[in-house]
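What follows is a single chain, given as structure tokens, in the form predicted on its own.
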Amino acid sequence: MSHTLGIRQAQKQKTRQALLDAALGLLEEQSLSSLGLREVTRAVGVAPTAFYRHFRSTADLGVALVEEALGSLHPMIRTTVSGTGDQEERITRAIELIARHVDGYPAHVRFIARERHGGVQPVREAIRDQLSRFAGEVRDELAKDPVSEGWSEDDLLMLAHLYVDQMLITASLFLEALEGPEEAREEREREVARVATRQMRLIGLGRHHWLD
């Protein structure tokens, strides 16, 4: 009996992932608010009623996509601002990590960029909650740095949000570079990295002089 239950559970998980993957593919060309569950089930090859065994609605599916897109990134985000290395090394590490992530998961990056201010409230809230978690984790890492001595919790959190917002902007720009004409892609990516480096240096400069 337990073996049979295990097979059923594995099949259920496989179908759920197939629905997520299909939705993500369909969302390449449209927003979540315009996505119909029948489109998703048709792409997977299951009956529409099967959708409700996994998700209550397309909004519920969207929230699951947010978790899939952002939930695993918390260690990476912390790494980008960890105290190892000097400022230039940290900036370079952060930009390289962002570029690799965009290159590996462009559909997830596009989904977050589009739905962060999209028309589906539960998804907007899920993204906001994840970004707030990122900011809290970045704040905790920044607090370990001697440069943060004397900073208030509110100011550290404000700085953390600046870093998180900058990472999102950089990811969006790398995505645009990825989707342009192939022959000039490397040049576009270098320009994104150059601008992002200067912007993060500016944040760092402000950080060092905040308490002056």
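One rule holds for the numbers: they count along the sequence shown, beginning at 1. Predicted model only: the values in this text are computed from it and were never measured.
The same protein has a further form, the form predicted in complex with a further copy of the same chain, not shown here; the description that follows concerns it.
So a further copy of the same chain isn't shown here. In the predicted bound form, which residue out of V147, A184, A47, M158 has a non-hydrogen atom within 4.5 Å of it?
Contact residue from the list: M158.
Taking a further copy of the same chain in the predicted bound form as the reference, which of L37, I169, L70, A59 has a non-hydrogen atom within 4.5 Å? Partner contact (heavy atom, 4.5 Å) among the options: I169.
a further copy of the same chain in the predicted bound form: within 4.5 Å of a heavy atom of each of D103, R133 and R139?
No.
Looking at 62-70, 139-147, 28-36, 47-55, which one sits within 4.5 Å of a further copy of the same chain in the predicted bound form if you count heavy atoms only? Heavy atoms within 4.5 Å of a further copy of the same chain in the predicted bound form occur in 28-36.
R124: touches a further copy of the same chain in the predicted bound form, heavy atom cutoff 4.5 angstroms:
Yes, R124 sits close enough to a further copy of the same chain in the predicted bound form that at least one of its heavy atoms falls within 4.5 Å.
- Taking 4.5 angstroms as the cut-off for heavy atoms, does R78 touch a further copy of the same chain in the predicted bound form? No - in the predicted bound form, heavy atoms of R78 and a further copy of the same chain never come within 4.5 Å of each other.
Even though the partner isn't displayed, in the predicted bound form is R114 close enough to a further copy of the same chain, meaning a heavy atom within 4.5 Å? Result yes; R114 sits at the interface with a further copy of the same chain in the predicted bound form.
Would R128 sit within 4.5 Å of a further copy of the same chain in the predicted bound form, counting heavy atoms only? R128: yes, in contact with a further copy of the same chain in the predicted bound form.
With a further copy of the same chain taken in the predicted bound form, which residues across 160-196 come within 4.5 angstroms through any non-hydrogen atom?
Stretch hits, in order: H161, L162, D165, Q166, I169, S172, E176, R194, V195.
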